[in-house]
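A single chain comes next, written as structure tokens; it is the form predicted on its own.
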């Protein structure tokens, strides 16, 4: 087997010199030499994104990328057809549209635990989302018991109690705003009252206004080195939201959890998440205890054609 770069192997006995890998390589590091695909000069090898385009395009199955784990497209809770689905074939658009339009944020859950096999399969599907420069620098932390979810909820509640106390200080808010730091004043205007009421309900009614009774949470973060970590995390979360719906699960993105963890890094430390990571999305999951009758509309979007 011929080593073309630090990350791509090409079997010369299989390579037919068709050039398919060269055409799809986004970094232009492949070329034909003596009727075999090779990497460009060593100075360009570092540009390899390990995206797998060459491997996926090769009709002779001559290319291997060791960094790509083949087990990530082997699932426990369902079987996957490994044949590539070309654009415009296979899944009818109207079926995909029905799935997209049927997914709703769930705020009522049964206390049935979510199987770890399903959580694992959801994460496997999540990492097939695109990422900036194909960095794939995601991290996933799963809370799999209601007690763990409640523990995180308490830490987040404590953070907002402190934040609300600061926001109640008019002099502090206005002084910060005067010097251009308007975040606290903005929070007070837009969120203070609703957060205060939610925390009161949590205390007096034992009502989970943060995770809505979900028995599981997936925290999606990033390791150092990604070029657009927030975008990557939200794209991965989108895969999870849609796939979970097909598995019979309800989901809800919890923005307040992310805001608290961004501001108070000790919360993720309590969960054993390394300080080098940053959490960008929190997905509550569980079997839904609510049903809907129909698909509804959305607000009219702003669309421009130039």
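Note that the structure is a prediction, hence the values are computed from the model and not measured. Positions refer to the first chain, counted from 1.
What comes next is about the form predicted together with a small molecule, which does not appear here.
Q: Wondering, does residue 105 line up within 4.5 Å of the small molecule in the predicted complex on heavy atoms?
A: Yes - in the predicted complex, heavy atoms of residue 105 and the small molecule come within 4.5 Å of each other.
Q: Check whether residue 212 has any heavy atom within 4.5 Å of a heavy atom of the small molecule in the predicted complex, and answer yes or no.
A: Yes.
Q: Is there a heavy atom of residue 252 no more than 4.5 Å from a heavy atom of the small molecule in the predicted complex?
A: Output for residue 252 is yes: heavy atoms within 4.5 Å of the small molecule.
Q: I'd like to check something about residue 294: if you look in the predicted complex, is any of its heavy atoms closer than or equal to 4.5 Å to a heavy atom of the small molecule?
A: So residue 294 does not count as contacting the small molecule.
Q: Going by heavy atoms within 4.5 Å, which of 47 to 55, 31 to 39, 252 to 260, 65 to 73 lines up against the small molecule in the predicted complex?
A: Of the options, only 252 to 260 has residues within 4.5 Å of the partner.
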